[in-house]
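Quick setup: one chain, the form predicted alone, written in structure tokens, and binding and motion questions come after.
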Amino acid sequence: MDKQFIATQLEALQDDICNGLLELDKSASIQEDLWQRPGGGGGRTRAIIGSHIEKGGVNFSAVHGTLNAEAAKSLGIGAGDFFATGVSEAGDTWWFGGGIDASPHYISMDESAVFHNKLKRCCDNTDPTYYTRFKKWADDYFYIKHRQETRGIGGIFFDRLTNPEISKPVGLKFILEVGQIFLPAYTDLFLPNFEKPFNDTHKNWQLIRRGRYVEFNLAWDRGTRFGLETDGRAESILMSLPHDARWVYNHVPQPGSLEEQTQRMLKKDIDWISMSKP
């Protein structure tokens, strides 16, 4: 399957997601940057800013070039020529990778179950073993090791999907379906919550949780590392970082508070689907 065809499909997915977000927050606008990577390839960065979506980003990139030995070693692949978009190639090897997760500031069991049910149905369309396997992978991946807590409620994560497990056509279909889950899943979280009143305690907790998101992305996220180590565009790589975040020294939530309840659920291997209300 032609690499450019795959890239075109992912660009169309970016369009669909952006249009959907503008429908959710009609006050929002999009700032678009078209950029070229000096080593080869480029991308289309879109930042969305509105009254309810304070800061969001929907990126597309298709980059290629030569991976040096140090960067290749850190990523666990061979040095040499590479191409990376929805499918990555290094030398004669190709694979698909991706995922989706959620990091709510306050965890709702019911909303978490709806989110994970959507992911399970998506996975089951391709392989009934994928959800259990990729949920575990997400729990392990979206984990802030130095805090011993998950980034949020997890989701699915996968990497190095290749022959003989999956063909390029099936792999493309799968990653597009995962991408198409984003908008309905985000809508389910957005609509019940975007007009809720909040106070200073809620805002402080939101900023602390955003700080944890920053810690994960800068310390552990492989996509961030790959982008920076291959001379990617820093503004695009780091655009998911929040507008505001906070670090409070040795912050401990009040016993019995909603913040403590969320903190207790920031752990691996929770069966969100079965723990929701019947």
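This is a predicted model, so every value here is computed, not measured. The first residue of the shown sequence is 1; numbering continues from there.
One more form of this protein should be noted, the form predicted in complex with another copy of the chain, which is absent from this view; the next part is about it.
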- request: Report yes if any heavy atom of Phe60 sits within 4.5 Å of a heavy atom of another copy of the chain in the predicted bound form; otherwise report no.
  value: no
query: Is there a heavy atom of Ala69 lying 4.5 Å or less from a heavy atom of another copy of the chain in the predicted bound form?
result: no
task: Spell out, yes or no, whether the shortest heavy atom distance between His243 and another copy of the chain in the predicted bound form is within 4.5 Å.
output: yes
- request: May I ask you to check whether His146 falls inside a 4.5 Å heavy atom distance of another copy of the chain in the predicted bound form?
  value: yes
Three-residue site Arg160, Val170 and Leu176 fully in contact with another copy of the chain in the predicted bound form at 4.5 Å by heavy atom: no
statement: Within 219-235, the residues having any heavy atom within 4.5 Å of another copy of the chain in the predicted bound form are Ala219, Trp220, Arg225, Leu228, Glu229, Asp231, Arg233, Ala234, Glu235
